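Heads up, the chain below is alone and in the form predicted on its own; it's given as structure tokens.
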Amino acid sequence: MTEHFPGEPKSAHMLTRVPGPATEALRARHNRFQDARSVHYYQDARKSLGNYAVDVDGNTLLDVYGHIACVPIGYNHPALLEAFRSERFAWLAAWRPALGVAPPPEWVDLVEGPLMGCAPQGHDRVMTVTTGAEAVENALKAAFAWKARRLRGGASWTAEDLQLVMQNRQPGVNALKVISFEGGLHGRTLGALSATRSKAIHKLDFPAFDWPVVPFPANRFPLDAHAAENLEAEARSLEAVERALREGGGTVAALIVEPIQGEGGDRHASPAFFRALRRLLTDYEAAFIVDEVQTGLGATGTFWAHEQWGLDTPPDVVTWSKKFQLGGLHLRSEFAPQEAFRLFNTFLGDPLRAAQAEVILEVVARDGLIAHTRATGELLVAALSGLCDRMPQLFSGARGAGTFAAVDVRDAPTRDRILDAARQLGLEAGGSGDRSIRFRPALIFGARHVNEALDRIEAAARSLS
């Protein structure tokens, strides 16, 4: 397969354990003022290259974690470095505008060009924000505004509505709900947390809306060995969704779902499941929000993961962030509020990151990185399946779409020991759900990187025996 990052390291190379002494010294300083317990290592931003992260101790690691799916075209890509050197971004180097108040003309070019150029089919509006959680917050707000307008029959607010809203009392509106799935993660802001169901630690001690939660079908792999079981699980999940919609009595404004549950354990459902979900939501007049914060921009082998579902009617709102370097949501026009200032904040995104996204999208198109990722993903899942065949006492359930892939380990403690052993061998990977190892590499991840990653995972697993 084509080499998409000439000059990157040929392989990982370790000088110390990870975390090493330089990382621990920095952590001690850092931890005085911020919680640094989650830090794997401190990364040398200038020396990292392509698929390889270099830490402050001089260790070179093959990175398949990608800052939790945030690295689109590798570290220090020449196209991005040249964009900085050529002053392509000079128009925003010395200020950060309030984009809803006084944007520079270049911002209009970015909206018309890259941001709408990659819009999902059927979407003709876009809102930019800073993070994925903000994208979800505003997607929920858009769904609530749409639903409330429908409940009023399109009429405007009354004087009483305007008075009661300032007391947090809105008859009818305060009863609106959003359905989400067990295992889903949609962000850590307060609204998004009410739809987040992945880990208790995310939600403890924070007030939450009383919104319905339904089981995610979580297909088992290999698919051909579990076809009947998966079909039954999807049917039960759809029954639970319809029950929540029916019992909601018209109060369900939206359902939100990830195409693949990332933090929840890389859990998949079939295209047929999502098509049935779309039909149910249309029938009950609830919005369909697809959270592509992790899956968007090519990671699954198509630009948007939901393209693989074959929907007759597109999702109503699609959220995105991570590989885009900023956050945002695309909407069908009817979901854009009719009044100004409904979806608004000071910055409305980050123009520098949007300008970087334009360069990233140019590289993705020029180098055919989505097709490349689709082909590499086939190699990766095949290699993970081979690992399951060779070590069935440890590994099972190899799965993926593109390079958005995972494999299960027999239990969580063993998974965590394998991840640590792999890191000592030069592989930066992460866990997912209760016992999975997840892959979130850059789109330049190729065949040789697949071989190196699998060699190190297998060596790590064998070192435990």
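Quick caveat: nothing in here was measured; it's all calculated off a predicted structure. Start at 1 and count along the sequence shown; that's the residue number.
Beyond the structure shown, there is the form predicted together with a further copy of the same chain, which is absent from this document and is the topic of what follows.
Residue V108 is the only one of A272, V108, A365, L223 with a heavy atom lying within 4.5 Å of a further copy of the same chain in the predicted bound form. Contact with a further copy of the same chain in the predicted bound form, defined as a heavy atom within 4.5 Å, holds for exactly one of R390, R236, R152, R246, namely R152. Using a 4.5 Å cutoff between non-hydrogen atoms, E358 does not count as a contact of a further copy of the same chain in the predicted bound form. Although the partner is absent here, L419 sits far enough away that none of its heavy atoms falls within 4.5 Å of a further copy of the same chain in the predicted bound form. Proximity of V39 to a further copy of the same chain in the predicted bound form falls within the 4.5 Å heavy atom cutoff. Among residues of the shown chain, T373 is not one whose heavy atoms approach a further copy of the same chain to within 4.5 Å in the predicted bound form. Annotated contacts: V56, W91 and K322 all touch a further copy of the same chain in the predicted bound form [non-hydrogen atom within 4.5 angstroms].
Contact with a further copy of the same chain, judged by heavy atoms within 4.5 Å in the predicted bound form, is confined among 311-319, 136-144, 377-385, 282-290 to 136-144. No residues of 436-451 lie near a further copy of the same chain in the predicted bound form, the criterion being any heavy atom within 4.5 Å.
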